[in-house]
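Take a look at this single chain, the form predicted on its own, given in structure tokens.
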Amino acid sequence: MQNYLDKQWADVMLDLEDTISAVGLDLWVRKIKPINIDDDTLIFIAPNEMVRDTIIRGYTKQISEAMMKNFKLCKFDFILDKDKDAYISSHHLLDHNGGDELPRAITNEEIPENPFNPRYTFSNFVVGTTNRVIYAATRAVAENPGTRFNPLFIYGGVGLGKTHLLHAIGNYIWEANKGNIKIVYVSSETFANDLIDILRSGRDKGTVEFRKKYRFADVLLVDDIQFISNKKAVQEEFFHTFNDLYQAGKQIIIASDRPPKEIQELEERLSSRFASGLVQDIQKPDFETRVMIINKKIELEGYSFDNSLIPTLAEKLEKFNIREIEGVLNKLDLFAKLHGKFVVDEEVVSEVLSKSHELEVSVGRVVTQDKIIEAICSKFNIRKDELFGKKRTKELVEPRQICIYLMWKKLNIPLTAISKLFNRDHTTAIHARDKVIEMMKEDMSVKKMIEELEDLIVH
């Protein structure tokens, strides 16, 4: 019964969005929940008299009309939350969170397949000093979704484990609930494409299905949220999705390559909501963590390595993210096997490093702030004091913006720190970074110049 009521009420709520203001829905209507059909009357639980009386006075007509469309009945009544237990007992119902009136065994065929990558679990995530806080936060969310750190906003560079943690959360919640919970994991690009498809088709039914998918999730995990910048319609839809889930106490986890305030053209109301829970970064692994990552990868993949080489590799891979470290280990293992070796030894490492230009450059690179500044000044024939000065001529603004971009990309430091270095406002640094990214997309000569500068600073 309860599953039926929840499904039909979800459809009613979607219809009510056309007849009741967002404020009215959030303040009053979303606070009631159907619990039973008694004769021809739908019974709701209301948290208190004020909610009950306000709905009766102001929204009876709209709710009745939407109910007739979905429930084929128009009368409704209320019991207060304080009387819920007595009502449930007298009507022989389960608690409204307990499921159907007549529980039945669930067969294996009815349990949906776990959609999360089985390799991405908490047990396979290497915890070190640079990611201990975010690991603890994600575990807390997985163990008690919707109660702590909601929303949870994770940010950091490419290949540092954000996606791993999202899948770990999903895997943990899925297994803990035996699949009997609605978890939606999606990239912001997929969310946007789903919405665009519906808007282009103009199908009302498609809109209902879209909102059912996202707005009635128990847990929503969104990867790469930064890609909704500059997409007004997508931000509008995501704002209402976020609000509906948050008001219902559902867990929201968001991942991005930057913190909310550094996402270009993100509406303030979204940025504020993203920052209302816990915003936590995930950093590149330090030496000890890199050693643990290498050991864990060797264990998981069944590689054979000379253990004495592991500290050396961890030292040489200082500037690498987790994904890049794994790529190097894959390459070493493959080279060893192709040459009939059973163990990756010093000879294999030496041979691979000497023959792989890409790896050799990467391992040998030490990018510093001074190297970036020196390369920019040399390329544009300007002095350091001009680069950091106040003049805003075109000859100085462009190299200044490129310098900010390269420091952000190559040094993996926040734009707030870079803006202080240039004695500029934080928003100026954001604009500079995003301006260069845009120029690289639009002008191949700019992209080529940036790539040349990147090559210069790693030699």
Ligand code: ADP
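Note that the structure is predicted; figures quoted are calculated from it, not measured. Counting begins at 1, following the sequence as shown.
This next part talks about the form predicted together with the ligand, which is not shown.
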The chain here is shown without the ligand. Which stretch in 143 to 151, 79 to 87, 321 to 329, 376 to 384 comes within 4.5 angstroms of it in the predicted bound form, by heavy atom distance?
321 to 329
How about residue 304: is it within 4.5 Å of the ligand in the predicted bound form, going by heavy atoms?
no
Would residue 249 count as touching the ligand in the predicted bound form under a 4.5 Å heavy atom rule?
no
Closest heavy atom of residue 277 to the ligand in the predicted bound form, within 4.5 Å or not?
no
Is there a non-hydrogen atom of residue 164 within 4.5 angstroms of a non-hydrogen atom of the ligand in the predicted bound form?
yes
Just to confirm, with a 4.5 Å cut-off on non-hydrogen atoms, which of 241, 131, 138, 171 contacts the ligand in the predicted bound form?
131
Single option in 208, 310, 158, 233 placed near the ligand in the predicted bound form, where near means a heavy atom within 4.5 Å:
158
Note that the ligand is not shown here; using its position in the predicted bound form, name the residues of 114 to 153 with a heavy atom within 4.5 Å of it, in sequence order.
120, 124, 125, 126, 131
